[in-house]
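Here you get one chain, nothing else, as structure tokens; it is the form predicted alone.
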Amino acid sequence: MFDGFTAEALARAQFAFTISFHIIFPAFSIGLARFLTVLNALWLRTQDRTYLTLFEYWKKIFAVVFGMGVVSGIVMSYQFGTNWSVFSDKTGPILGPLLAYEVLSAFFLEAGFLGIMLFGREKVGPRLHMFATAMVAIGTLMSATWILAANSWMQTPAGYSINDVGQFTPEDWWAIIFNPSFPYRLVHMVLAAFLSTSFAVAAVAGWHLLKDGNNGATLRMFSMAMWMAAIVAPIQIVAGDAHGLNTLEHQPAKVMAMEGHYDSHPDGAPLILFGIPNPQEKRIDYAIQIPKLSSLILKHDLNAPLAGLDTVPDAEEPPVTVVFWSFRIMIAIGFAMLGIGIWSLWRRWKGTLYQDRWLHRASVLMGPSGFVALLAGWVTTEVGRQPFTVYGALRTVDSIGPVDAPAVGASLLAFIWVYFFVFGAGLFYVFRLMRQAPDRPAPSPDTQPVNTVQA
């Protein structure tokens, strides 16, 4: 059944499949944890029970998403020890401590305060409950920080030496953690999590607004989500541009694949909007392009020269077709998000934010867009790094463990079956929770039922 597939190809497919499931849940958790923190703080400050209603509504969804994120992440650690055992052996002295710090600090912080956040409001008091909610939010951000530090080191390795047995050993932990791409990738990823969450929240609110435009909690939820979209989308575009310039400096072949530049351009490179990559002929067929705009974006000079993949050995050329299209999917969704944000600002200025049913429909359609863009961005990043696991220092083909293709293929099929069954059920439950409208604001806590006996 797996004739023609190497163990490396199947191991890469298996890891890509499992991480594609996993990455959605931590990203959603990062955004939701901050949303819950804001809601809880606003409730304590204003005593407006609409915020409490929304907190109770979204905390249920957060609990399910957080659990699915934990379960889906465990599987990948086993793949490091089986399919990628050589990679684990060679990079273990550096990546091992980074991942351990993530567990010992971030995950323990999240897990330690999660129960208080979910169930402790009436038991520990409002201040400690607020503290626990903030700690969960901080824990999710710390988790992203350590994971991005480890992955960024694989993209732009620094602060290491190689010992006698071929292992990467730490020389400067400061340089390892704060490697050249880490700040850019961390900001880009966290903003992507915020945007993904805001559009998911906006989709839920838009869905319920189309059915009932008078629910105060739904109106508040939609307004908050649109504020986040309008503010974060332009910031993300600026952050993405800075990340792209950093990538051009440290991983130029990746940018060449993203731009579709098979040939060098000594007098200014065009921006290829669309086209069909032709790896055999090393060109972009049917290219729709704007002359010299790529040089302006990447070098801030219309006539700046840009090198192409003709300067890169064939053995070190990333898969152009995948990177070319995934990058464009990410960019297209990013500008669509910006458009929704501007649309919402215009409607808010006109005073018709809650009456524009086309905006509500667009918000529902854009609900999964943040997660699609997130996956497209990770495909761009990880496939664009090929053929290396540690960029420029350890090739993917030399990272695979002593496993056979049929064994890896069988486990891949098992993962596909189990993931679609288990996580399909989890997502079904999440969507079921989302289909229920937030309850209308409850009576003030001062209101007491009348005791008719005493009366």
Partner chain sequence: MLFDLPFIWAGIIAFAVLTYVILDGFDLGVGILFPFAKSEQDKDLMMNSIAPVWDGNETWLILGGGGLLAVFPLAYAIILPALYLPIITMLLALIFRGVAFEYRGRTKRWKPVWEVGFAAGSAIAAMMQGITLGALVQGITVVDRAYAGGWWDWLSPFTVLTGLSVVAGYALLGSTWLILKTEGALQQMMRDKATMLGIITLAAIGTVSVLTPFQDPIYFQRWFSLPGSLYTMVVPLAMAALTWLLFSSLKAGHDARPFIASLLIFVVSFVGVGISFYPNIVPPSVSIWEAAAPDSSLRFTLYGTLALVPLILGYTGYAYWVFRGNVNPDEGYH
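No experiment lies behind these values; they were computed from the predicted model shown. Residue numbers count along the first chain shown, from 1.
Keep in mind that the form predicted in complex with the partner chain is not shown, yet the notes after this line are about it.
Taken together, the three residues 80, 97 and 432 all come within 4.5 Å of the partner chain in the predicted complex, as judged by their closest heavy atom. Taking the partner from the other structure, the partner chain in the predicted complex has a heavy atom within 4.5 Å of a heavy atom of residue 109.
Interface membership of residue 48, defined by any non-hydrogen atom within 4.5 Å of the partner chain in the predicted complex, is ruled out. At the 4.5 Å threshold, heavy atoms of residue 222 stay clear of the partner chain in the predicted complex, well away from it.
Interface membership of residue 145, defined by any non-hydrogen atom within 4.5 Å of the partner chain in the predicted complex, is ruled out.
Site annotation in the predicted complex: the residue of 397, 425, 44, 393 reaching within 4.5 Å of the partner chain with a heavy atom is 425. 89 is the sole member of 356, 317, 263, 89 with a non-hydrogen atom within 4.5 Å of the partner chain in the predicted complex. Annotated contact segment (heavy atom within 4.5 Å of the partner chain in the predicted complex): 172-180, selected among 190-198, 365-373, 172-180, 299-307. Using a 4.5 Å cut-off on any heavy atom, the residues of 392-427 that reach the partner chain in the predicted complex are, in sequence order, 402, 403, 404, 407, 408, 411, 414, 415, 417, 418, 419, 421, 422, 423, 425, 426.
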